[in-house]
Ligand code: NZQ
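Take a look at this single chain, the form predicted on its own, given in structure tokens.
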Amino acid sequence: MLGNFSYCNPTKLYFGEDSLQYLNAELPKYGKNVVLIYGGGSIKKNGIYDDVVAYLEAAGKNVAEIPGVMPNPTLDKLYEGIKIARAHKADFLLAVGGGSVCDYAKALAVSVHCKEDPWDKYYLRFEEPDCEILPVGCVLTMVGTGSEMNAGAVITNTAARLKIGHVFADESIMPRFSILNPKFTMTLPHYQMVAGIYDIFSHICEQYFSGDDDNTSDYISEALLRSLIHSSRIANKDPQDYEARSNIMWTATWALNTLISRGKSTDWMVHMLGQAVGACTDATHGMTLAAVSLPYYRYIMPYGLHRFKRFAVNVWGIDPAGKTDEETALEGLKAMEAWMRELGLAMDISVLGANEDMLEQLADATRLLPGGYKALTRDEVIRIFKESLA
């Protein structure tokens, strides 16, 4: 384990088929004025909305709503939410939905009482809040982002074609509680399910493909990856398999609640590349990650060959006997590609709406981060995007 670090995660989790009932225990802890935040309306079709509203009414809450939070929450939507929350004198934000809704709620939590423009302060200057932060609770209906147990919030500025995430340092921005009922995820379309699965996979890989030390976090990552691969194959064939869906949901939370990043460096360039694609095409987040991952990993593999060999052996079960390290590592990436195709993931960015004319624009939208095995240049980013078009 490298360096000195602290670890604290204040989010309380309620997990299982009956977990929604714990709203009875949590809602009385917060003020009367609640803002209920949700997405496109699927929670009204599947009954989750009615159940949540019943708990809010039973707790005597005065409720305002922010519906229509989109898969890539926009800055305009954030400004709209700020107006609603201020007019309602919000005491508490309750997010009911997937990671985008949870992200949006956290961005709103730090923006309602912010005296500056939140985009400039939090997403361009990456400053921390110096104002009152509203408490957030989450009822999760789609897994992938891990937003239910971290302090991250991604917002898209459509005018600037920028999609930027800010992982806040203040622990009070993390949800105070999150309710995880695997059955809530079973109404998702297959496309959204597998996109979420790859988002989980990518979160783990971003933290795994960095560093050279013998780190406990990497052993945990390998176990999470093996569990995810196993359960994803079951869920891909039978999306109603509760055990598989519950394992995927639990893995998603632990993939990005900061545990496996402790004591090591991290990469996050797949997310930077994928977010650029998302900003320019509005494509589903997990699919953008899938489309850029293999070109990126093939490019950086020579710089982190030892880790890619370990990935092949410990995650994919590749036998290294009689093979060079490079041959073993490449077999691991081939096994990863076969699994991705088995799930039906997007394998290139052209199917998501990107084309060669957009390469410069994609590069402009890509933040360059130094944590991985190879710090990319702008020209290398364009090369990787070109390979992602095939």
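Numbers follow the displayed sequence, beginning with 1. Values in this document were obtained by computation on a predicted structure and should not be read as measured data.
Note that the form predicted together with 5,6-dihydroxy-NADP (NZQ) isn't included here; everything after this is about it.
Q: Counting any heavy atom within 4.5 Å as contact, can you tell me which stretch out of 211-219, 271-279, 82-90, 305-313 lines 5,6-dihydroxy-NADP (NZQ) in the predicted complex?
A: Flagged stretch: 271-279.
Q: Within 4.5 Å of 5,6-dihydroxy-NADP (NZQ) in the predicted complex: all of P118, N157 and P175, by heavy atom?
A: Not one of the three qualifies.
Q: Considering G353, P28, G344, G40, which brings a non-hydrogen atom within 4.5 Å of 5,6-dihydroxy-NADP (NZQ) in the predicted complex?
A: Checked against the cut-off, the match is G40.
Q: Would you mind picking the one in T253, N72, S293, S111 that has a heavy atom within 4.5 Å of 5,6-dihydroxy-NADP (NZQ) in the predicted complex?
A: Here the answer is residue option N72.
Q: Does 5,6-dihydroxy-NADP (NZQ) come within 4.5 Å of any heavy atom of G152 in the predicted complex?
A: Answer yes; at least one heavy atom of G152 falls within 4.5 Å of 5,6-dihydroxy-NADP (NZQ) in the predicted complex.
Q: Does K106 make contact with 5,6-dihydroxy-NADP (NZQ) in the predicted complex, using a 4.5 Å heavy atom cut-off?
A: So K106 counts as contacting 5,6-dihydroxy-NADP (NZQ).
Q: At 4.5 Å between heavy atoms, is D267 in contact with 5,6-dihydroxy-NADP (NZQ) in the predicted complex?
A: Contact check for D267: no, nothing within 4.5 Å of 5,6-dihydroxy-NADP (NZQ) in the predicted complex.
Q: Using 4.5 Å between non-hydrogen atoms, is M142 touching 5,6-dihydroxy-NADP (NZQ) in the predicted complex?
A: Looking in the predicted complex, residue contacts with 5,6-dihydroxy-NADP (NZQ) include M142, since a heavy atom lies within 4.5 Å.
Q: From first to last in sequence, which residues of 168-205 have any non-hydrogen atom within 4.5 angstroms of 5,6-dihydroxy-NADP (NZQ) in the predicted complex?
A: The stretch touches the partner through F184, T185, T187, L188, P189, Q192, D199, H203.
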